[in-house]
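There is one chain below, alone, in structure tokens, taken in the form predicted alone.
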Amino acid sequence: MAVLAQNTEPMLAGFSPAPVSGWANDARVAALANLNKTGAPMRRDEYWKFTNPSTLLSENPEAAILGSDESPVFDSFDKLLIVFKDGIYQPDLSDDLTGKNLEIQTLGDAMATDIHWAKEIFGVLESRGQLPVARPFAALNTAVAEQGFVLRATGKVTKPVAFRYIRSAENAKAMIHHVIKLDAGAELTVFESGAGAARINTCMEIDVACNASFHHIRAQGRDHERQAITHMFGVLGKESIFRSFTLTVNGLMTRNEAVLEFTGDDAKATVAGACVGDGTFHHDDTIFVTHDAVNCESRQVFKKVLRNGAIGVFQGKILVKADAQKTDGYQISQALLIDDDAVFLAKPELEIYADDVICSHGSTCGATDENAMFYLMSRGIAKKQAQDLLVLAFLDEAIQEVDNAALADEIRGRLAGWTERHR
């Protein structure tokens, strides 16, 4: 059996969720069966050959020193704040769970009900995202996660919902699952920030109905020794919008997976990210976008700045099914290697079965432009400052995918602080 051959027992160790019944239990049982069928990922698996999963498979994470204090990302924005400490929801640190055009409750409360709208999403989108590529850590999350929230936007939600993940223990591990539904014409923005745990596994399932807009901005914490694996599963209805941006600064090992499916015509989606890493830093973006509707547009824009042996990985695929005519799929992944020790590994893919499409992908890596460095230095700018300017300019193409100017400036400020600290 795969479960014995590939040993999923360490993945499940330490998680003994309270029993649930009805719709939630059905989803959990199905996810656990899927995990036992696929087994734990191994380095020889196609989508894990660039990233060693062994650090995520141990029963307990290595102790991770707490990162230095800094003001929380998005603190200056008016929002509905929800705080998790060491993976546990903290109501005393969070705002009241109320919002105009917003239904919100904890995952545990939702699971305790006999009938709930989340039944059509929880575990369902994650299960659909298991094909054609198995995602064992997402199945694990569905099977055991008790912490998280279910959100339903019934109209335009004016305040962003901000999930803040903080930690107080050096060896904490966390499993968090969010379920999000946007009704037709609704609009919702979600923030995520913080390291959360020495090792954290998050899963977010998002159903975006016709004419709805979902915006997601994530800033992963500065703790250098943290490990993280995240999953987003999104389904897009007719004329809907899905936008996600992730900022990653530091981290021992980070893998961000996104699986999107266009099911309605004339929809648009963007998945973008900017990351900067130094030393023992491994960062993996793995994206799978399926076009199964007419006249849809997808964009994947990823920029990585790496130095001192840091490793960056990009695996991105666009699948265009036979009936998905007039698809516009764009994908670019680029890395700036500050020294000869940094490594960038890329695997861009296009699989197209329609004949009326515009799809492209590009992937490059290289050192700082010497001519640009000379130009800046010839005008009196010190070498290290000139390099910082080029780094920030390189990352800015990804930041431009954030359509809120204030948020984009916040991200630019965080990156400027990183470059200054690492001169």
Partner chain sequence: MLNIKNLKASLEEEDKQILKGVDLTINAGEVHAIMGPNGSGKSTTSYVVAGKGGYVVDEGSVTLDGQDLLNMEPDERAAAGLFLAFQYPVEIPGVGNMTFLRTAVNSQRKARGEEELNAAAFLKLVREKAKALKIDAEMLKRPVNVGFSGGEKKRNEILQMAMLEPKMCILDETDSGLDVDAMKLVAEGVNALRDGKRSFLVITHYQRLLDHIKPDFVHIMSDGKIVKSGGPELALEVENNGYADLLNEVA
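Values in this document were obtained by computation on a predicted structure and should not be read as measured data. Residue numbers count along the first chain shown, from 1.
Another form exists, predicted in complex with its partner chain; not displayed. Remarks below refer to it.
Heavy atoms within 4.5 Å of its partner chain in the predicted bound form are found in exactly one of 34-42, 58-66, 355-363, 390-398, that being 390-398. In the predicted bound form, its partner chain stays beyond 4.5 Å of every heavy atom belonging to Ala30.
When contacts are judged by a 4.5 Å heavy atom cut-off, Ala382 counts as touching its partner chain in the predicted bound form. Although the partner is absent here, Ala367 lies well away from its partner chain in the predicted bound form, with no heavy atom inside 4.5 Å. Interface residue remark: Ser378 is counted as part of the site for its partner chain in the predicted bound form, having a heavy atom within 4.5 Å. Contacts between 231-245 and its partner chain, taken as any heavy atom within 4.5 Å in the predicted bound form, involve no residue at all.
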